[in-house]
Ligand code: DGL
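Just one chain follows, in the form predicted alone, and it is written as C-alpha coordinates.
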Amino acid sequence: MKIGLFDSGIGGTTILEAAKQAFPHEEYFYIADSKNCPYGEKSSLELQKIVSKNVDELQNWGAEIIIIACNTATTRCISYLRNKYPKIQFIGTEPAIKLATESNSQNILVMATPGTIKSERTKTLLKENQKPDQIIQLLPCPHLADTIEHNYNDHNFAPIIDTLKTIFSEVQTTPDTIVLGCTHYSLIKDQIHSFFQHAKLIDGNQGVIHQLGKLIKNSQKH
(Lines give C-alpha, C1' and ligand atoms only; values in the text may rest on other atoms or scores of the structure.)
Protein backbone atom coordinates (compact mmCIF):
# COMPACT_ATOMS: atom_id res chain seq x y z
CA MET A 1 0.00 0.00 0.00
CA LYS A 2 1.21 3.51 -0.84
CA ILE A 3 1.20 5.86 2.15
CA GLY A 4 1.90 9.59 1.93
CA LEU A 5 2.89 11.89 4.78
CA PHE A 6 3.45 15.63 4.93
CA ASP A 7 4.53 18.15 7.53
CA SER A 8 5.96 21.65 7.64
CA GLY A 9 9.47 20.17 7.60
CA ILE A 10 11.31 17.50 9.56
CA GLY A 11 8.89 17.05 12.49
CA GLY A 12 6.78 14.40 10.80
CA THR A 13 9.82 12.20 10.21
CA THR A 14 9.23 10.88 13.75
CA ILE A 15 5.88 9.49 12.55
CA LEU A 16 7.43 8.26 9.29
CA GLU A 17 10.08 6.25 11.18
CA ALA A 18 7.47 4.81 13.56
CA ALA A 19 5.28 3.81 10.58
CA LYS A 20 8.20 2.15 8.76
CA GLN A 21 9.08 0.23 11.89
CA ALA A 22 5.50 -0.95 12.45
CA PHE A 23 4.67 -1.64 8.79
CA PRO A 24 7.96 -2.15 6.91
CA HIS A 25 6.40 -3.66 3.76
CA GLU A 26 4.38 -0.60 2.75
CA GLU A 27 5.62 2.11 0.36
CA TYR A 28 6.08 5.59 1.84
CA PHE A 29 6.29 9.11 0.39
CA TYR A 30 7.16 12.08 2.59
CA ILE A 31 6.90 15.82 1.92
CA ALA A 32 8.97 18.03 4.22
CA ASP A 33 7.37 21.39 3.43
CA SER A 34 10.15 23.45 5.04
CA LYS A 35 9.61 26.48 2.81
CA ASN A 36 6.20 27.03 4.45
CA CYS A 37 7.35 26.38 8.04
CA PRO A 38 5.76 27.24 10.42
CA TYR A 39 2.19 26.32 9.56
CA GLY A 40 0.97 27.61 12.93
CA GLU A 41 1.24 31.26 11.95
CA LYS A 42 -0.57 31.03 8.56
CA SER A 43 -4.14 32.16 7.89
CA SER A 44 -6.75 29.43 7.33
CA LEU A 45 -7.06 30.24 3.62
CA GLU A 46 -3.29 30.24 3.14
CA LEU A 47 -2.94 26.95 5.00
CA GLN A 48 -5.71 25.31 2.96
CA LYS A 49 -3.86 26.18 -0.27
CA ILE A 50 -0.56 24.84 1.11
CA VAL A 51 -1.96 21.52 2.35
CA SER A 52 -3.97 21.00 -0.87
CA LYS A 53 -0.79 21.35 -2.91
CA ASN A 54 0.90 18.72 -0.73
CA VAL A 55 -2.06 16.35 -1.05
CA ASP A 56 -2.14 16.82 -4.84
CA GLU A 57 1.53 15.87 -5.03
CA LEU A 58 1.12 12.79 -2.83
CA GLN A 59 -1.96 11.77 -4.80
CA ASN A 60 0.05 12.04 -8.05
CA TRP A 61 2.58 9.61 -6.52
CA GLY A 62 -0.24 7.14 -5.90
CA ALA A 63 -0.82 7.59 -2.15
CA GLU A 64 -3.98 5.83 -0.98
CA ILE A 65 -3.63 6.86 2.66
CA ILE A 66 -2.31 10.30 3.63
CA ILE A 67 -1.04 11.05 7.12
CA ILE A 68 -1.19 14.71 8.05
CA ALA A 69 1.95 14.54 10.20
CA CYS A 70 1.30 17.98 11.69
CA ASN A 71 -0.99 18.97 14.55
CA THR A 72 -1.69 22.43 13.14
CA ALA A 73 -2.66 21.18 9.67
CA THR A 74 -4.82 18.47 11.25
CA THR A 75 -6.69 20.63 13.74
CA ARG A 76 -7.32 23.36 11.17
CA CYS A 77 -7.63 21.54 7.83
CA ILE A 78 -8.57 17.87 8.11
CA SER A 79 -12.32 18.45 7.63
CA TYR A 80 -11.58 20.66 4.62
CA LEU A 81 -9.31 17.98 3.10
CA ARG A 82 -11.78 15.15 3.69
CA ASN A 83 -14.47 17.14 1.88
CA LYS A 84 -12.16 18.09 -0.98
CA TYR A 85 -10.63 14.61 -1.46
CA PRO A 86 -13.38 12.10 -0.55
CA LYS A 87 -11.53 9.13 -2.11
CA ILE A 88 -8.40 9.54 0.04
CA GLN A 89 -8.20 8.10 3.55
CA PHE A 90 -6.72 10.75 5.85
CA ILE A 91 -5.14 10.19 9.25
CA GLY A 92 -4.62 13.26 11.38
CA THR A 93 -2.20 14.05 14.18
CA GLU A 94 -3.63 15.90 17.14
CA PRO A 95 -2.44 16.83 20.64
CA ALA A 96 -2.58 13.73 22.86
CA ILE A 97 -4.79 15.49 25.42
CA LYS A 98 -7.09 12.46 25.78
CA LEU A 99 -4.12 10.19 26.54
CA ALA A 100 -2.77 12.66 29.11
CA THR A 101 -6.10 13.02 30.92
CA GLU A 102 -6.58 9.24 31.07
CA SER A 103 -3.36 8.87 33.07
CA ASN A 104 -3.06 9.93 36.71
CA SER A 105 -1.81 13.36 35.69
CA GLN A 106 -2.94 16.27 37.82
CA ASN A 107 -1.03 19.06 36.13
CA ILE A 108 -0.87 18.88 32.33
CA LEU A 109 1.01 21.28 30.09
CA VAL A 110 0.00 21.31 26.41
CA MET A 111 2.75 22.69 24.15
CA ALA A 112 1.65 23.55 20.61
CA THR A 113 1.83 26.19 17.90
CA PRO A 114 -0.39 29.26 18.38
CA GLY A 115 -2.61 27.95 15.55
CA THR A 116 -3.17 24.59 17.25
CA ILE A 117 -3.79 26.18 20.65
CA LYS A 118 -6.51 28.45 19.18
CA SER A 119 -8.16 25.72 17.10
CA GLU A 120 -11.70 24.50 17.75
CA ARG A 121 -10.44 20.91 17.80
CA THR A 122 -8.14 21.64 20.77
CA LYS A 123 -11.05 23.29 22.63
CA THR A 124 -13.19 20.20 21.93
CA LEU A 125 -10.46 17.82 23.16
CA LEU A 126 -10.26 19.78 26.43
CA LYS A 127 -14.01 19.91 26.89
CA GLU A 128 -14.43 16.18 26.24
CA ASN A 129 -11.51 14.91 28.31
CA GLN A 130 -10.46 17.22 31.16
CA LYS A 131 -11.39 15.82 34.56
CA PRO A 132 -12.56 18.14 37.37
CA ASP A 133 -9.39 17.67 39.43
CA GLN A 134 -6.97 18.25 36.53
CA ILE A 135 -5.17 21.48 35.75
CA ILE A 136 -4.44 21.89 32.04
CA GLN A 137 -2.35 24.82 30.83
CA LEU A 138 -2.29 25.56 27.11
CA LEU A 139 1.10 26.95 26.15
CA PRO A 140 1.44 28.55 22.71
CA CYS A 141 5.02 28.15 21.44
CA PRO A 142 5.62 30.80 18.75
CA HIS A 143 8.70 30.22 16.56
CA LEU A 144 9.68 26.96 18.30
CA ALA A 145 8.85 24.72 15.30
CA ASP A 146 10.83 26.88 12.86
CA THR A 147 13.72 27.23 15.32
CA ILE A 148 13.89 23.42 15.48
CA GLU A 149 13.52 23.20 11.70
CA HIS A 150 16.48 25.49 11.06
CA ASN A 151 18.85 24.22 13.77
CA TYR A 152 18.13 20.58 14.64
CA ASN A 153 19.99 18.91 11.76
CA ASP A 154 23.06 21.08 12.47
CA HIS A 155 22.97 19.98 16.15
CA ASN A 156 22.79 23.66 17.06
CA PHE A 157 20.71 23.44 20.22
CA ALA A 158 21.55 26.87 21.73
CA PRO A 159 18.80 28.76 19.82
CA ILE A 160 16.33 25.99 20.68
CA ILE A 161 17.18 26.20 24.40
CA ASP A 162 16.90 30.01 24.30
CA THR A 163 13.45 29.77 22.68
CA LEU A 164 12.35 27.20 25.27
CA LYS A 165 13.53 29.48 28.11
CA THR A 166 11.32 32.28 26.81
CA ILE A 167 8.33 29.99 26.28
CA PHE A 168 8.66 28.21 29.64
CA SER A 169 8.83 31.53 31.50
CA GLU A 170 5.04 31.61 30.94
CA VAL A 171 4.46 28.29 32.74
CA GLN A 172 2.54 28.93 35.95
CA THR A 173 2.83 25.57 37.75
CA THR A 174 5.25 22.64 37.38
CA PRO A 175 3.66 20.01 35.13
CA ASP A 176 3.73 16.26 35.80
CA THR A 177 2.82 15.58 32.14
CA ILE A 178 3.69 17.52 28.99
CA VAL A 179 1.73 17.00 25.78
CA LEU A 180 3.92 17.64 22.74
CA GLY A 181 1.32 19.10 20.39
CA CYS A 182 3.64 19.51 17.41
CA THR A 183 5.64 16.76 15.71
CA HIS A 184 8.74 18.98 15.69
CA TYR A 185 8.74 18.97 19.51
CA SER A 186 9.21 15.19 19.62
CA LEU A 187 12.70 15.76 18.20
CA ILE A 188 13.78 17.77 21.26
CA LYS A 189 12.47 15.64 24.12
CA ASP A 190 15.86 15.74 25.87
CA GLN A 191 15.96 19.53 25.79
CA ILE A 192 12.40 19.81 27.12
CA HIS A 193 13.19 17.27 29.86
CA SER A 194 16.13 19.42 30.98
CA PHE A 195 13.58 22.03 32.14
CA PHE A 196 11.06 19.60 33.67
CA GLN A 197 13.01 16.49 34.62
CA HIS A 198 10.16 14.67 36.36
CA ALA A 199 7.47 15.29 33.74
CA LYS A 200 6.20 12.54 31.47
CA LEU A 201 6.28 13.55 27.79
CA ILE A 202 3.46 12.39 25.51
CA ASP A 203 3.00 12.87 21.76
CA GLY A 204 0.30 11.73 19.33
CA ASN A 205 2.51 9.43 17.25
CA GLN A 206 1.32 6.09 18.64
CA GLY A 207 -2.29 7.06 18.02
CA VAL A 208 -1.42 7.72 14.37
CA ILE A 209 0.32 4.34 14.02
CA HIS A 210 -2.64 2.57 15.63
CA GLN A 211 -5.03 4.20 13.15
CA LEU A 212 -2.72 3.40 10.23
CA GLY A 213 -2.71 -0.26 11.25
CA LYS A 214 -6.52 -0.33 11.19
CA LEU A 215 -6.66 1.18 7.68
CA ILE A 216 -4.01 -1.21 6.30
CA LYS A 217 -5.85 -4.20 7.80
CA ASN A 218 -9.13 -2.93 6.35
CA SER A 219 -7.65 -2.57 2.86
CA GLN A 220 -6.38 -6.16 2.97
CA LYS A 221 -9.94 -7.44 3.44
CA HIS A 222 -11.06 -5.96 0.11
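Just count from 1 along the sequence shown to find any residue number. From a predicted model like this one, the values you see are computed outputs, not experimental measurements.
Another form exists, predicted in complex with the ligand; not displayed. Remarks below refer to it.
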The ligand contact at residue 179 in the model of the complex, heavy atom, 4.5 Å: no
Distance check, residue 66 to the ligand in the model of the complex, heavy atom within 4.5 Å: no
Proximity of residue 145 to the ligand in the model of the complex, heavy atoms at 4.5 Å: yes
Can you check whether residue 38 is within 4.5 Å of the ligand in the model of the complex, heavy atom basis? yes
Answer among 165-173, 193-201, 150-158, 30-38 for heavy atoms within 4.5 Å of the ligand in the model of the complex: the stretch 30-38
Going through 53-90 from first to last, which residues have a non-hydrogen atom within 4.5 Å of the ligand in the model of the complex? 70, 71, 72
